[in-house]
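Take a look at this one chain, the form predicted on its own, written out in structure tokens.
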């Protein structure tokens, strides 16, 4: 394989590919539409508050794979942050994800056996589980569904949960212990120096051009690079010729406040439909320095995909999946010329560790067994 390789997008998939190909002696160029590297993982420092702002929402790296954990720690030490969100519903605050303390707060139960009996009495066996609502009623019952899922999900997807496929809720943890760690993975954290510094190290020695949109000059770029690794929106690459793929997006409202601590936690979800935001993030709680007399919060508002709003969550309805199949068929015609990778180009939700693993696997396949094995096992 010879370069130069053009990588479209300086997010996690693109940056890992750039690092591995560069280390294998392949010249790379990265073009990024936005004014920063890091994609939606981008953070920026706020020295006066002593924290890094997660600009596009919080990103906690978590994995059960020691090799992936070692890999990301090559580019920045992670601080061991564990995500323990809380839920605000009306005037009450609940432990979340649903665990024994949550069930105690709602039902007064105190032991796993009591909790299991409380759930058994509230489940609706025989309910059609194909929708979010049906799955919840069958597995957790009406009260938990209405407190934690109904309003939040309706806001997030702009659809009633009975209109949404159950695969988007099946990962919801329900625990009969007091474990309130949102993730079950052994390794968790955020970079102590922020994701911005981590991406700078990933892209060290790589030519990066910011505020450069690949799509208007696609033919120009492709004529000059034998291989393009494309991480942008799949439908945009093909000028939406099969119709747009639907995404939900987010709008952020930031506020700096003259208080030392606004909510006492990094993330508080607001699950009532009447509250327009889905959660409030208080950024100083992702790091150890919480002594400053000011704090920074971000309210997240679900939004439709629109100019100026980054596509975040693919809406994998049957119509969208049918369009996806047509776009994938078009992409297969470009095999060997264009590699489509990452959450936007594959139209799927990726956890960060899955993104890193997918990028390493893609590079391994590109380089072949000799160079690929050498380039992707230095973890």
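Positions refer to the first chain, counted from 1. Being a predicted model, the structure only gives us computed values, none of them experimental.
There is another form of this protein, the form predicted together with a small molecule, and it is not shown here; the text below is about that form.
- Contact with the small molecule in the model of the complex, judged by any heavy atom within 4.5 Å, is made by just one of 188, 269, 99, 131: 269.
- For the options 87, 242, 280, 118, the residue carrying a heavy atom within 4.5 angstroms of the small molecule in the model of the complex is 87.
- The closest heavy atom approach of residue 156 to the small molecule in the model of the complex falls within 4.5 Å.
- The closest non-hydrogen atom of residue 227 lies beyond 4.5 Å of the small molecule in the model of the complex.
- For the chain shown alone, residue 171 is a contact residue for the small molecule in the model of the complex, at least one non-hydrogen atom being within 4.5 angstroms.
- Taking the partner from the other structure, the small molecule in the model of the complex has a heavy atom within 4.5 Å of a heavy atom of residue 313.
- Exactly one of the stretches 343 to 351, 66 to 74, 329 to 337, 36 to 44 approaches the small molecule in the model of the complex with heavy atoms within 4.5 Å, and it is 343 to 351.
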